[in-house]
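To begin, one chain is listed below as structure tokens, in the form predicted alone.
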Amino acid sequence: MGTRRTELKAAAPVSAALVLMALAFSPAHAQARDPLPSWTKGPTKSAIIQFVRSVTTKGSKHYVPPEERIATFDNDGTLWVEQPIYTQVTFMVDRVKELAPQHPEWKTTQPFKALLEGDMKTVAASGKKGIMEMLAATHTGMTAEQFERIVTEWVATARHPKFKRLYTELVYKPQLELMAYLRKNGFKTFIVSGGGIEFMRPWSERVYGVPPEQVVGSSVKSEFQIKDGKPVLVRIPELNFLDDKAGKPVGIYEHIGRRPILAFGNSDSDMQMIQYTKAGDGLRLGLFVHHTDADRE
């Protein structure tokens, strides 16, 4: 989204930035015991494997007990596609179009008018205020169960404009391998994203193997109500928490309660999460994914 990518030296023994999108698949005859077969041989792959061995080998001076093996991953651009626009923004756009017949006033009200006309320049000019108005209109005013159902139905049918595939299919295989490798070695893997926590939770376990209780993200406020004699949670049009930039360490503290020993991001928005991770005692690993120009839309 135009954010400047930042390279960061990882905690010893790592000294190289990670270039994910340029990774080539390993040869078909690669040894079956390779825990990261989609990663090319090099200092980054070697450093990850050495890090995992160091923190999981009893007797090692860097040994970390299983309950403290916390790994956090950004989502957009780190685990799945984020171009040409964030996936949740696409969801919001589709929701505005779907709800438009129920809101004739949107034909003359900005930024809804611009969005319906495809004038994304005017939509962008509406800034945070305009985005929050559209998020409120498309993400709130319903129960938690209703929103989960809407998200589930959308990700089951929505396709990327370029790749023509479901968004949940457009995930990075090397990252799935890394998460599985970490879990096999006693890590808990968490998603820590600026995206909506309620938007990611309905499908995160199926796609990433990350259960909903291990997803940290931005959220709107919810309110307990009794509707038709049944207790429900209703999503109200008010921001509860923004899990981005300096908010990410706060989200980790409030939702996880342990400082990660490994953190993975892809932009300046993840810098504070990386810094927070590396500031802890013992061996730590912080990595950034870097997109090539050919990957940008």
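Throughout, we count residues from 1 along the sequence that is shown. Nothing here was measured: the structure is a model prediction, and the numbers come from that model.
One more form of this protein should be noted, the form predicted in complex with another copy of the chain, which is absent from this view; the next part is about it.
Colleague: Counting only non-hydrogen atoms, which stretch in 235-243, 261-269, 40-48, 56-64 is within 4.5 Å of another copy of the chain in the predicted complex?
Modeller: That would be stretch 235-243.
Colleague: What is the one choice in Met134, Ile197, Ala71, Val81 with a heavy atom within 4.5 Å of another copy of the chain in the predicted complex?
Modeller: Here the answer is residue option Ile197.
Colleague: Please identify the residue among Thr87, Gln214, Ser218, Thr138 with any heavy atom within 4.5 Å of another copy of the chain in the predicted complex.
Modeller: Filtering the options by heavy-atom distance leaves Gln214.
Colleague: Can all three of Val96, Trp154 and Asn185 be found with a heavy atom no more than 4.5 Å from another copy of the chain in the predicted complex?
Modeller: Verified in the predicted complex; spot residues all out of contact, no.
Colleague: So in the predicted complex, is another copy of the chain close enough to Tyr167 to count as touching (4.5 Å, heavy atoms)?
Modeller: No, Tyr167 stays farther than 4.5 Å from another copy of the chain in the predicted complex.
Colleague: Any chance His160 has a heavy atom within 4.5 Å of another copy of the chain in the predicted complex?
Modeller: His160 lies outside the contact set for another copy of the chain.
Colleague: Although another copy of the chain is absent from this view, report whether Arg201 comes within 4.5 Å of it in the predicted complex, heavy atoms only.
Modeller: Contact with another copy of the chain, yes.
Colleague: So in the predicted complex, does any heavy atom of Phe288 sit within 4.5 Å of another copy of the chain?
Modeller: Phe288: no, not in contact with another copy of the chain in the predicted complex.
Colleague: Enumerate the residues of 203-230 that have a non-hydrogen atom within 4.5 Å of another copy of the chain in the predicted complex, in sequence order, or give none.
Modeller: Heavy-atom contacts within 4.5 Å come from Glu205, Pro211, Pro212, Glu213, Gln214, Ser222, Glu223, Phe224, Ile226, Lys230.
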